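Just one chain is shown here, as structure tokens, and it is the form predicted alone.
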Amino acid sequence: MTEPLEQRVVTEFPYKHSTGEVIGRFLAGLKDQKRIWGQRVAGQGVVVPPVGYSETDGSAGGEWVEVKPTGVVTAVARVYRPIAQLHPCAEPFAFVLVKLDGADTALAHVVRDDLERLRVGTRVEAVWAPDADRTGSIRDIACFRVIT
């Protein structure tokens, strides 16, 4: 009897993801303008980051609105022992939801400093990545920092 033949093969499917018109415009604003844009949608107000439609009724997004790089923390999750290659920071940090001034929804991001002062209701502001390091991603905002 002949032994079965066996062959091990690794197959890869490289691809590039297109952000699309709405998220592309949002990310270009971060990279090229250091501005944060939201979109006014039915039933939700100004959504940041924009998704291009209303999650309430499915209607198309409307007017683009620039929001401030400052806002209020609406949720905090502190990470005291970050895990390499899992968390975005090597030192203790906090995941936060920030309702930016002029927005009606919250943006997920991180705060790296002043963790002892950080709580729901704390005012924060965006810290921009250096011009040469901005690539058109949410990390063009390096983090948020406590301002009050």
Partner chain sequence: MSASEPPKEPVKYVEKQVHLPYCYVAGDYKARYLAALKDKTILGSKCSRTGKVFVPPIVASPESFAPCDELVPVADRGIVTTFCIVNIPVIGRAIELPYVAASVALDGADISIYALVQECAPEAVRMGMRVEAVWKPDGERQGSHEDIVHFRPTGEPDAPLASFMHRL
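For the two forms, the rigid core is made up of the largest set of C-alpha atoms that agree within 1.5 Å on superposition. Numbering follows the first chain given and starts at 1. Please read all numbers here as calculations on a predicted model, not as lab measurements.
We do not show the form predicted together with its partner chain, though everything after this point is about it.
Its partner chain in the predicted complex comes within 4.5 Å of no heavy atom belonging to residue 59. Interface residue remark: residue 9 is counted as part of the site for its partner chain in the predicted complex, having a heavy atom within 4.5 Å. Of the heavy atoms in residue 67, none are within 4.5 Å of its partner chain in the predicted complex. Proximity of residue 27 to its partner chain in the predicted complex: non-hydrogen atoms within 4.5 Å are present. Taking a 4.5 Å heavy atom cutoff to its partner chain in the predicted complex, the one contacting residue in 36-52 is 37. Once the cores line up, the CA of residue 14 ends up 2 angstroms or more apart between the shown form and the other one.
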